[in-house]
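Shown next as structure tokens: one chain only, the form predicted on its own.
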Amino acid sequence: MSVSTHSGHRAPMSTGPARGPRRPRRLWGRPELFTDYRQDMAFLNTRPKQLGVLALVAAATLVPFMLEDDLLKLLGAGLVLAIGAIGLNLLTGYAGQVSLGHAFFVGVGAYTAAALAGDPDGRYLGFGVEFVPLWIFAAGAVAALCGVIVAPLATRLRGLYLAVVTLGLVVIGGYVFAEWRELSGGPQVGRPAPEPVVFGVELTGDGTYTEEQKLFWFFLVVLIVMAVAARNIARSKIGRAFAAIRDRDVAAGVMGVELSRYKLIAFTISSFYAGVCGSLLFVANGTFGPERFSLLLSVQFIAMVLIGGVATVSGAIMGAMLIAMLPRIAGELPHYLSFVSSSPTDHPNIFEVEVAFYGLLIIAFLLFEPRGLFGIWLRIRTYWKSFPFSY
């Protein structure tokens, strides 16, 4: 059987079985236009995203060879804080549950790791476990258990009331940590961290690589694992339920979303991330006291989320790295801020300048760029993609 064409020739018509619909393909030149929901929600669904992430990971791997150890230590602390910021972003940014008690869960994770790793023959509570992955999992599990205990409050409260209740956790935790001296070492004293070991490799200087270099690489690997897990959670059924609760919890409940269940999941996951962050802070700082886990630490995590970008994993990482670098920036500013002192020879306290920065950055981003650093990146990317057009 044949059909006629415009040129007068006859072309054969296929009489075979009809083929099913073609699988939708991505349009070349428009990499973000999809006709399939699965492609749109895929992890790193465009080639530029894949290449960009690979480039960032490669650059981060080479950073220890290009920076001094003191700056590398700050960046390593930023990687650790980024894990805690991702956890808070899952709870506050994605699920809409405002929490000021993140420092409490970080402290639980830190002291769980301290108890596992401490010398059993020393003056502090400890079991002498040197295997760092065991610290991480145990710290996250204990913090998650505390999150499960606190989560029922989230089903009864919302907004400011929930924030005040979680703030009470920081006060209670600070008291317990300070009074349990066998565990924490007491205020202004603290307890030292043991030498960490990962699969038989000691994360200390050995002549080839410094301790700061090894710790940076280790923190980077853990952050990548936790960030990939968080991104997959956000684009899963759980993440969609979080977004529904955040946008309108009453409507989500009417649509069939189990509010109590998913709020419990949100607090549990966020607490697990906080516990992992605390266990790594134990390694990164070398020593710490109970005063470290105060309201200021919770404010720092809130600043990371707001400055980096709410409901974005990469934004939480950006905000954490900026906050981690503030001590270095604040250390350079007092020489230029002598006009605020009563005497020309006196300079503002570095800690006071750092705290003032948190407030200024939060106010500035909320007023001028609510989407945070991630929003700035989106604007830059959109500009170059639409160039020379402005829309």
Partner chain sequence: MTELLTAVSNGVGQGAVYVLLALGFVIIYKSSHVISFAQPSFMMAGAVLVSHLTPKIGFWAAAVIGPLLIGLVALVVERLVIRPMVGKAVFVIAIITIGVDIVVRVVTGAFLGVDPRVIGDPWGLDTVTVGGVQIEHRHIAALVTMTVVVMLLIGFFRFTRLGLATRAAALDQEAAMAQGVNVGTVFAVSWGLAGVLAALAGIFASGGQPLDQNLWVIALAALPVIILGGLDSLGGAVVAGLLIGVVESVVRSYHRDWFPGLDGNTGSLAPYVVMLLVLLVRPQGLFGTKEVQRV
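Since the structure is predicted, the reported quantities are computational estimates derived from the model, not experimental observations. Residue numbers count along the first chain shown, from 1.
Beyond what is shown, the protein has a form predicted in complex with its partner chain; the following relates to that form.
- Within 4.5 Å of any heavy atom of its partner chain in the predicted complex lies no heavy atom of residue 55.
- Contact annotation for residue 156: at least one heavy atom lies within 4.5 Å of its partner chain in the predicted complex.
- Looking at residue 261, you'd find every heavy atom of it more than 4.5 angstroms from its partner chain in the predicted complex.
- Remark: residue 195 does not count among the residues lining its partner chain in the predicted complex, judged by a heavy atom distance of 4.5 Å or less.
- Taken together, 161, 299 and 360 are fully in contact with its partner chain in the predicted complex: each brings a heavy atom within 4.5 Å.
- Stretch 91 to 99 is the contacting one of 316 to 324, 108 to 116, 91 to 99, 136 to 144, since its residues have non-hydrogen atoms within 4.5 Å of its partner chain in the predicted complex.
- 250 is the sole member of 250, 189, 225, 201 with a non-hydrogen atom within 4.5 Å of its partner chain in the predicted complex.
- Exactly one listed residue, out of 171, 74, 129, 220, brings a non-hydrogen atom to within 4.5 Å of its partner chain in the predicted complex: 171.
- Contacts with its partner chain in the predicted complex, taken as any heavy atom within 4.5 Å, map within 251 to 282 to 254 alone.
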